[in-house]
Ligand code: TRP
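Coming up is one lone chain in structure tokens, specifically the form predicted alone.
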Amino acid sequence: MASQGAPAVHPAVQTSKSFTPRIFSGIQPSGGLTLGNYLGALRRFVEKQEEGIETIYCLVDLHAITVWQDPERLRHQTREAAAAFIAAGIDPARSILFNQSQVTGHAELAWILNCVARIGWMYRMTQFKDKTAGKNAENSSLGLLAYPSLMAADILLYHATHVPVGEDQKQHLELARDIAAKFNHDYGEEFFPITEPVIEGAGTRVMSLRDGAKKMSKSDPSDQSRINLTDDADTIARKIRKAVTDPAPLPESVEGLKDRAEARNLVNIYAGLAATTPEAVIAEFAGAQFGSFKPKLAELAVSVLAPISTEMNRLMRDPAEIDRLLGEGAGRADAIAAPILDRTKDIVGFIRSRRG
């Protein structure tokens, strides 16, 4: 659930006084986290952790199984994603970090919200259309169609007031807002917050190193198109040196990058890694050829990313410790979620008897 656009909402955090300011976001543990995931999500998650708002970060493994997953591979990818969060700077003692399937409230609330949401809303989701394009949609899993409702449950289970979201997930957050509003209207109680998106940041949409018109993706068949968070220093530097560019030097202004997708991508990557703006990068490197710019970018990328890769490798050597941290996070998450889910059941009209 993690892009460019409106400014950060944190300074305002203007929400109903009945809701504790709380940030929630999640990433599918589908393997192969890239530089795009780091700049577009992980680093922003760390920044939110530093702002003093309660932060809940979830590895959404229930979402992952909307398409078939090899069980052992899914476990490995979930641990690897957790390692990436921690290596990037998420402190499990300060933020809540867990995998979704350990908190059963996600699935329970999703069913209740399935009965609030409308089928037509699901069919209008752009990602469902994209993922079933050229295929027989009726052969897709029901989970693939309904997963925006599960995403709404992920958010509303914690009464999250803000969600860092990328452009590709913005429609799903709008749906979560619609579902929350309909639930509140149907039951005559302002119970769920109307969650606000957090959309911000230059350089968060990272494009392929081989084609500046395509988003950097782990699904690209060419490993040279992306920088993986597991790449070592030599691999990172080599991929940047071989990144596709054009023969012209860097322009005098950002406007000069308008029709130069590959050049613009590398400038944005530099800006993202340096925590600066594309304008500042152009001011420093205007007129430079890529033969001199790429080594500078490679040096910067290695300095930022290689320590993350090293720490991920260290963490992955102790999977039991990762599991322990995820379990602790799940316990903390459930402590927030359980009373919210219980109250939801009361509002809906379910009988909750004491057991045991």
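All residue numbers are counted from 1 along the displayed sequence. Since this is a predicted model, take the numbers as computed values, not measurements.
Absent from the display: the form predicted together with the ligand. The rest refers to it.
- This chain is displayed alone, yet in the predicted complex one of Leu315, Ala330, Val60, Leu297 has a heavy atom within 4.5 Å of the ligand; that residue is Val60.
- Taking Leu229, Ile240, Val165, Ala271 one by one, only a single residue has any non-hydrogen atom within 4.5 Å of the ligand in the predicted complex, and it is Val165.
- Residues with any non-hydrogen atom within 4.5 angstroms of the ligand in the predicted complex fall in just one of 181-189, 144-152, 68-76, 252-260: 144-152.
- Looking at Thr344, you'd find every heavy atom of it more than 4.5 angstroms from the ligand in the predicted complex.
- Contact check for Gln28: a non-hydrogen atom falls within 4.5 Å of the ligand in the predicted complex.
- Residue contact with the ligand in the predicted complex: Gln169 places a heavy atom within 4.5 Å of it.
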